[in-house]
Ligand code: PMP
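Only one chain comes next, encoded as structure tokens, the form predicted alone.
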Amino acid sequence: MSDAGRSPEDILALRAQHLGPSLSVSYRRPLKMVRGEMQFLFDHTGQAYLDCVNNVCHVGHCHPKVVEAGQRQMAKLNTNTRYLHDSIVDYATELTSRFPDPLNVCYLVCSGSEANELALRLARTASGGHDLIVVDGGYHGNTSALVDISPYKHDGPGGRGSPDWVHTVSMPDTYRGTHRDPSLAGPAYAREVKDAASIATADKPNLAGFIHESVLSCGGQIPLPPGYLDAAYKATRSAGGVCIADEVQVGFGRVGEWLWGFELQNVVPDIVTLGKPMGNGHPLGAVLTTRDIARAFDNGMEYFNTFGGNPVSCAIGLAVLDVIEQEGLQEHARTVGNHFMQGLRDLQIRHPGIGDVRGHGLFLGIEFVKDPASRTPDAKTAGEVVEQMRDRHILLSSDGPYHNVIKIKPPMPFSVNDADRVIAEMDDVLKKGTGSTHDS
């Protein structure tokens, strides 16, 4: 078999034979990728694609410093955390130093789903409660408990709705939601959190906590309005619950102005969960919390994770932190993101089908509508733009409750020239309409 391997058609046939049918693929004509380099992926023909959506490879696909760190440690030692090794304490020291006090204790796991699952256990043990307040459209992972607290899943196709211990509040969406004045929307939406906390504690103190993404991702790339988390956290803590910030998609400098998305709101959560970009594609996640919550969790039941915190994962995690700092990727996300945002807003002026452009840094959303006045969602155009951009060798994806938001969250080396290329190609697609494509 050549380096190109099987044909896309053969792989699709074998997937249909051996893999679960709920496992989806991207694009009408799926792509077979064989190599990655920084912000580019290469298919089996050698064609390069500008990657605007794979935020997992945070510092760039196959970044050489991350690859070398993993290879070096893998050739030396990989074992579990019951043996002493330097890399776990080196990594824990570096990771916790990047968080505000009192978030100075970490648990290392293998994924964002594992991190959020552990966060639920920590919250329930520390608070003594069971109920969770969640944000509509939220997604927190693929385990049964996390599907229960993810309206994106349990209210979507195949879902069974939320259990009675889950209390859902509205997305604080200033474009499409009930409260649209950004100066007033934060506290107004947060009143729903206060009301949900009252319901959870009506008969007895039973609130474990409030979990939220620091910028809503599957909900449609929605930034939280000013003051939202401050008011929501006060309501949660007054009811005896803890505040959990899910940073799995937006952490590690992606929002540009800050290293962590919750810092945009000038708050400090009780628990923070990390995943996706943490290992640049290597399975690595973490939970950060306070000393008091960690002590409460130390109730006699050991927490052990076979692979969490192993030497290879820690070496890779350290390399990712080093690259972010050495290459100035947080500031890069801010400057490139601001340039990209301005270019997209100029595009919005020329194309009224773009109803809204929003986000922070390199975490942006473009919402398509049929009519700017009514703001009727236009999933068809969003989907066609994604397909035609794929044919122009630019990878995008759509999301949101109405599937009408194109999400942009590229590897962090994504440049100003890359942003200009995306804007120019999207402008051309929208000018020509959705019937015109460039074949790959």
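Nothing here was measured: the structure is a model prediction, and the numbers come from that model. For every residue, the number given is its place in the sequence shown, counted from 1.
Not pictured, yet referred to below: the form predicted in complex with this ligand.
Heavy atoms of residue 271 never reach within 4.5 Å of this ligand in the model of the complex, leaving it off the interface. Although the partner is absent here, residue 356 is not a contact residue: none of its heavy atoms lies within 4.5 angstroms of this ligand in the model of the complex. At least one heavy atom of residue 276 is located within 4.5 Å of this ligand in the model of the complex. At a distance threshold of 4.5 angstroms between non-hydrogen atoms, residue 140 is in contact with this ligand in the model of the complex. The contact residue chosen from 173, 148, 213, 131 relative to this ligand in the model of the complex is 213, the criterion being a non-hydrogen atom within 4.5 angstroms.
Among 348, 113, 330, 125, the residue placing a heavy atom within 4.5 Å of this ligand in the model of the complex is 113. Contact with this ligand in the model of the complex, judged as any non-hydrogen atom within 4.5 angstroms, is confined among 318-326, 247-255, 67-75, 80-88 to 247-255. Scanning 221-239 for heavy atoms within 4.5 Å of this ligand in the model of the complex gives no residues at all.
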